[in-house]
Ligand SMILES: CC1=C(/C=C/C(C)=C/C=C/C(C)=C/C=O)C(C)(C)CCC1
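This document opens with one chain alone, in structure tokens, the form predicted on its own.
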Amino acid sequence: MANSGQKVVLITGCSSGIGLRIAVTLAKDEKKRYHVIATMRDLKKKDKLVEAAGDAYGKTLMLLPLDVCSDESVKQCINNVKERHIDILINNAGVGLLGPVESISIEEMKRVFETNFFGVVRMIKEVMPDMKKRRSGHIIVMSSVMGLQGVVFNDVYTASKFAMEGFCESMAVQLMKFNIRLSMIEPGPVHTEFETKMMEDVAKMEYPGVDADTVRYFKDVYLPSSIDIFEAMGQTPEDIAKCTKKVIESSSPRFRNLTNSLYTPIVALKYADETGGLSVNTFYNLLFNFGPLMHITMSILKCLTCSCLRRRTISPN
């Protein structure tokens, strides 16, 4: 139960990665300003979170089961919070999908949207009426730079994030009238167990039904380039947690918060040319015509941007 003066923070997808680190970072706040309700679909996967939380577990951090893909689970979770009072909702739960679109079933695509888009919508719909009544609240959505700029072979995942960006742009206007803030966190590459495993898995797959050229482009061109980018520009879940905490604590939080300034020029390409040709042609050339040059560039960038420098790029201000 939250103490007087503590803000109640509910976070989705806390079994690992970014969600786990956000939960622990807020629960271990030196001033004990937050009462964290960390949620996950399966509480059997709580061990990593409990270990990371240490003494904060059971004090400033508690656990609740929550499946963002289930209307009933969402409602039951919120009903289990005292007086349904949530000051800050952090929508972090998400799934990825990578590979040639010909090899992805419609059911797999729906699963991504069910979590990444409709899961967030369910959460917002459930907490929004109470926030409106109180005329206060802060809703945070973990988006991605892929919600701003499409990335080859991430077609469906990118689409789910684009959908969320559009939804939140619209919602932010209405919520402002009720003194409810809405912020989007937009990381670039982030080193997590989830990303590493996904990269390893897709590299081993055969992709039946996909033409040989596309499979070759994916495995021999895209995957090595993607690994280069992750190594040169990747942040850690801790970096994203620190950025999220800064957004929460800001007196005037921004709507969009790119966490990695190294990625800003890539996103800027899209807005520099209203026809879209500049970004599409640039990505095409980088991937298919200047692959070796990009590898060299990323290697140089990796040397120039030590982990200390990359951590200094997380401020949303």
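If you're wondering where the values come from, they're calculated on a predicted model, not measured in any experiment. Numbers follow the displayed sequence, beginning with 1.
Same protein, other form: the form predicted in complex with the named molecule, not shown, and the subject of what follows.
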Practice task
Name the single residue among 50, 287, 64, 268 that comes within 4.5 Å of the named molecule in the predicted bound form, judging by heavy atoms.
Solution key: 287
Practice task
Would you kindly say which of 78, 112, 146, 124 lies with a heavy atom within 4.5 Å of the named molecule in the predicted bound form?
Solution key: 146
Handout entry: Contact test, all of 162, 253 and 255, partner the named molecule in the predicted bound form, heavy atom 4.5 Å
Key = no
Exercise for the section: Could you confirm whether residue 243 comes within 4.5 Å of the named molecule in the predicted bound form, counting heavy atoms only? Expected result: no
Practice task
With heavy atoms only and a cut-off of 4.5 Å, decide whether residue 100 touches the named molecule in the predicted bound form.
Solution key: no
Practice task
Give a yes or no for residue 194: in the predicted bound form, does one of its heavy atoms lie within 4.5 Å of a heavy atom belonging to the named molecule?
Solution key: yes
Practice task
Report whether the minimum heavy atom distance between residue 218 and the named molecule in the predicted bound form is within 4.5 Å.
Solution key: no
Practice task
Can you check 150-158, 81-89, 166-174, 124-132 and let me know which stretch has heavy atoms within 4.5 Å of the named molecule in the predicted bound form?
Solution key: 150-158
Handout entry: Contact set, 15-45 vs the named molecule in the predicted bound form - heavy atom within 4.5 angstroms
Key = none
